[in-house]
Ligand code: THU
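Coming up is one lone chain in structure tokens, specifically the form predicted on its own.
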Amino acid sequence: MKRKEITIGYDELDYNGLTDAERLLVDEARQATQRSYAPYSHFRVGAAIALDNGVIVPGSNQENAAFPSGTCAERSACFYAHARYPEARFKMIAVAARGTDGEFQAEPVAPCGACRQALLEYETLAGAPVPVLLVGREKIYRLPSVASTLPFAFSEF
């Protein structure tokens, strides 16, 4: 038997430690939480994807009484981005969330497994790592790629 370990390096920053482009993306993700439709969970998630054509595409979670008919913010953004701009490639994504109290989560929140896998498909299309910003109230995690969030991803597609 061989024992192996997986480690993921990431940067922990505050808002002022971000580049201008990263701050803009974080702001868009935070604003997208306001457009969430979450009457059941009251957990509002916003995402924003920067495309290589200069466009930022926001998305928010959209719930539905017929679970699981709703969709997460990340998939809302990535599916719309590719449907609207099929030739554009993803450059970066930011994700922010407000808890049931309406406040931004103290700790950064990561995408669910289904969203990680969906985003990985678009990172593959981009042909380059797509950095991920996970946004908390006080701190932001910068991960080097979508792939770094999903070490055992489906990769044969």
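Being a predicted model, the structure only gives us computed values, none of them experimental. Start at 1 and count along the sequence shown; that's the residue number.
If you look for the form predicted together with ligand THU, you will not find it shown, but the lines that follow are about it.
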Taking the shortest heavy atom distance, is E28 within 4.5 Å of ligand THU in the model of the complex? no
So in the model of the complex, does C112 come within 4.5 Å of ligand THU, heavy atom to heavy atom? yes
Contact between N61 and ligand THU in the model of the complex at 4.5 Å, heavy atoms? yes
Even though ligand THU is not shown here, does A73 get within 4.5 Å of it in the model of the complex, heavy atoms only? yes
Please pick out the stretch from 100-108, 84-92, 38-46, 128-136 that is in contact with ligand THU in the model of the complex, where contact means heavy atoms within 4.5 Å. 38-46
